[in-house]
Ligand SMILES: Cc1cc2nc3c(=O)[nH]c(=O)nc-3n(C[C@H](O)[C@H](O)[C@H](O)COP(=O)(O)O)c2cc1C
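The chain that follows stands alone, in the form predicted alone, written as structure tokens.
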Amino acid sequence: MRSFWDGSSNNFRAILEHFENVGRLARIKVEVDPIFEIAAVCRHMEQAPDWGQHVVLFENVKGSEFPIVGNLCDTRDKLAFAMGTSTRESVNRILDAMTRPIPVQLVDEAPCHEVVITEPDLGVLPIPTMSEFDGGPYISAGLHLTSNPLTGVRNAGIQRNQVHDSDLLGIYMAPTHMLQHYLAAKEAGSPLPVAIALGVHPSLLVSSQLRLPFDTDELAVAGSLMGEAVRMVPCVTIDAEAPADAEVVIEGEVLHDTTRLEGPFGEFARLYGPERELPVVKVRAITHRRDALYHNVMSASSPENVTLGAVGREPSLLSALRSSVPTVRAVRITIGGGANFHAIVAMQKNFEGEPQKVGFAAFAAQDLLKHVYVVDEDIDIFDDEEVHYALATRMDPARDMHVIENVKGNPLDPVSVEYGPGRAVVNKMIMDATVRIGSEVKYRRAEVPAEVMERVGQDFDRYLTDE
């Protein structure tokens, strides 16, 4: 049986070892096809009661020597486990890391350079095709590392990459910081160097989803999450740096003067992102470990990519909302909302109008949000039944729904109006499901006395005996 341990506790394979040690790694030994079959197995594993909390390792991938790892990021529990915390505490753990960043450490030699291919052929990688009408194989877990051409400050983000040719990838850049890097390089008439890392510690993936201020290095937060600096190594063929402990690194340049039709692709909204003319990445080299593992993140009908997005975006949103309304207690970005469209906020309301202020602050902090639901602090926002209870009993649609028209939205939102490449507007809504000031007595919960519940719970087994 293959062991992953290589002496380090803060890389991709150490996390797999961690899962295997507690019986949560499923090794699939039969041959599987990267075209649809791997995606189907991952979906079945997600939905199976006994396997939903397992990471999947496909040891025998048709047409490739690289094993594929899947279902690493599809639940909040798995990401929390990888970061050494609990689901409920992960937001606070990340918030703490944001206040104590650890700058990256530059090294000269790295495991990701054990094999260097300077005449690259993407065909050596087992890049899956996942949804029925996808335009082809897609890299879905690629951590894209670029630098601001004007300041040199690094950015990390996850973008999708369609395989066009043996050395050419498509790229859809979400309207965030990497796109700004690309536009700055394009204005200067230059390509944008990019290192695409596959198989990195989940803390790097989560940190890449933080909505930090422009020109803030997300990898410094990742280092704080792991308790030590992320090791970075200079790339072989481009002016960029890559995570030294990555399983695979694709070195390339986003060309400023070339586009190709990209798509369709099954996206986070569980629909297909349309076919568009988009930039391309010219691949200059592929480097990898000798016994490299390929990491794939499921998209579309799977919750994997949106779970990453939700866990990564909640801490930044919570911090921004507390800056505006200090009595905000908790934030949840929902999986059903694609980790982009829906946020639920719990707060202590002291004045009428505060929930609307929270909604406006949320839209300002993360401009792709579309619906913000604000509830009282007694509502457990991670319990859907509790949230539905608040919406059912504390909201008057005529009074408590606030619609804001024609606000910047997400081009992948099917109800948005797209007026240019990457540009879209949408109507947004704030829903106030809090108790009206002065009505607290009317909303007193009907519960068994807490002391009786505690007493019965402490000796509950005696109620189940026959004696």
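Numbering starts at 1 and follows the sequence shown. Please read all numbers here as calculations on a predicted model, not as lab measurements.
The same protein has a further form, the form predicted together with the ligand, not shown here; the description that follows concerns it.
Examine S90 and determine whether its closest non-hydrogen atom to the ligand in the predicted bound form is within 4.5 angstroms.
It does not: once the ligand is placed as it appears in the predicted bound form, S90 has no heavy atom within 4.5 Å of it.
Does the 4.5 Å heavy atom contact test between A110 and the ligand in the predicted bound form come out positive?
No, A110 stays farther than 4.5 Å from the ligand in the predicted bound form.
Heavy atom of R211 within 4.5 Å of the ligand in the predicted bound form:
Answer yes; at least one heavy atom of R211 falls within 4.5 Å of the ligand in the predicted bound form.
Is there a heavy atom of P191 no more than 4.5 Å from a heavy atom of the ligand in the predicted bound form?
Result no; P191 lies far from the ligand in the predicted bound form.
Any idea which of 361 to 369, 114 to 122, 152 to 160, 319 to 327 reaches within 4.5 Å of the ligand in the predicted bound form, heavy atoms considered?
One stretch meets the cut-off, namely 152 to 160.
Consider the chain as shown here, without its partner, and state which of Y182, Y172, F81, Y272 has a heavy atom within 4.5 Å of the ligand in the predicted bound form.
Exactly one residue meets the criterion: Y172.
Quick check on this chain: which one of S302, T334, S147, S140 has a heavy atom within 4.5 Å of the ligand in the predicted bound form?
Only one option qualifies, and that one is S140.
Contacts with the ligand in the predicted bound form - residues in 293 to 308 whose heavy atoms fall within 4.5 Å:
Going through 293 to 308 in order - heavy atoms within 4.5 Å of the ligand in the predicted bound form - the hits are V297, N305, L308.
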